[in-house]
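Next up is one chain by itself, shown in structure tokens, the form predicted on its own.
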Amino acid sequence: MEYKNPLGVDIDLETGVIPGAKKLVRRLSDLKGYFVDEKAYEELLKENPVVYEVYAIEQEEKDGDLNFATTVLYPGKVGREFFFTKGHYHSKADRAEIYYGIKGRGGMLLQTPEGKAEWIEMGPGTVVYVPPYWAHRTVNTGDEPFIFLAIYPADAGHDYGSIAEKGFSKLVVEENGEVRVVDSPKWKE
């Protein structure tokens, strides 16, 4: 039997960077069609800010192995909606995931394929369990980068297409200085 070597890495808890990790950068232009306020989106698109960065340590896509990644989700809004990650189901829908808050404030918006949604606030030290079959998206509701660690099965995969097509049933918005979870007018049952 050939054994895989163990691995240890240091995460910069101030920046979220994992040295040597694969880096993915998502700009506002990568989120076309995701935000409700299209006019506000088009206006902010002129600047095309970085919305989030992912630093991933990935293994072969096989049963029994784990990937992990940090995400740095920057503060900002499109209209009333806070900046968020694209969100996804797992391609192998029966796979779960763990998120751990490192720095900043935000939360996790989760939903079933039928649109039942849950909102879980996150901060440093918060652990969120994402059950199998639930879509999940993180949202920065603060004024500094929201940094978290995700640990997930290496063979889980990412189904972004279902979210791009149907969206989430809820939005996380600022209303009168408060964080509110409201129905999405773009939700397609």
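Don't overthink the numbering: it's just position in the shown sequence, from 1. These numbers come from a predicted model, not from an experiment.
This protein has a second form, the form predicted together with another copy of the chain, left out of what is shown; the following refers to that one.
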Since the partner isn't included here, can you check whether another copy of the chain sits close to all of M1, Q59 and L149 in the model of the complex (heavy atom within 4.5 Å for each)? yes
Since only the chain is shown here, I'm wondering whether T112 would be in contact with another copy of the chain in the model of the complex (any heavy atom pair within 4.5 Å). yes
Given that the partner is absent here, does K77 sit within 4.5 Å of another copy of the chain in the model of the complex, heavy atoms only? no
May I ask you to state whether Y160 is within 4.5 Å of another copy of the chain in the model of the complex, using heavy atom distances? no
Is V51 close enough to touch another copy of the chain in the model of the complex, meaning at least one heavy atom pair within 4.5 Å? no
Which of 138-146, 43-51, 120-128, 28-36 sits within 4.5 Å of another copy of the chain in the model of the complex, heavy atom basis: 120-128
Within 4.5 Å of another copy of the chain in the model of the complex, heavy atoms considered, which of D10, E14, E165, E175? D10
Within 4.5 Å of another copy of the chain in the model of the complex: residues from 58-74 (heavy atom criterion): Q59, D63, G64, D65, L66, F68
